[in-house]
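As a starting point, one isolated chain is supplied in structure tokens, in the form predicted on its own.
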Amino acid sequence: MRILTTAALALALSAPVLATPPAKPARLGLCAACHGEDGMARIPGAPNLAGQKLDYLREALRQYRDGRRDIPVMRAATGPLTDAELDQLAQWFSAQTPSRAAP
């Protein structure tokens, strides 16, 4: 019973921390032009980023910036960003809820 109570208490105390959404990144504007502020693409050919896995987004952004993914527009967009800014963007987009496209 003691273990169950401890586990329930730990879960209850961690829930507010897990539910806290990330702050809106200062560098969101350029990304939002194509991918949408909510991570739902605004232009054809741009992928939806909402709800993607954090580690995937973080690594993909680094690969675009470093030239390991050779997409010139993404290289230009991510080139001046620091690791911390890339992390903020990855956290933001991974925390967004994907929505269905309007008919």
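Just so you know, these numbers come straight off a predicted model, no measurement behind them. Numbers follow the displayed sequence, beginning with 1.
Unshown form predicted together with a further copy of the same chain; subsequent notes refer to it.
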| item | value |
| --- | --- |
| Candidate spot G45, D55 and P98, all three touching a further copy of the same chain in the predicted complex (heavy atom, 4.5 Å) | yes |
| Contact flag, G29 vs a further copy of the same chain in the predicted complex, heavy atom cut 4.5 Å | no |
| Distance check, G51 to a further copy of the same chain in the predicted complex, heavy atom within 4.5 Å | yes |
| Exercise: A41 in contact with a further copy of the same chain in the predicted complex, heavy atom 4.5 Å | yes |
| Partner proximity in the predicted complex: S94 to a further copy of the same chain, non-hydrogen atom cutoff 4.5 Å | yes |
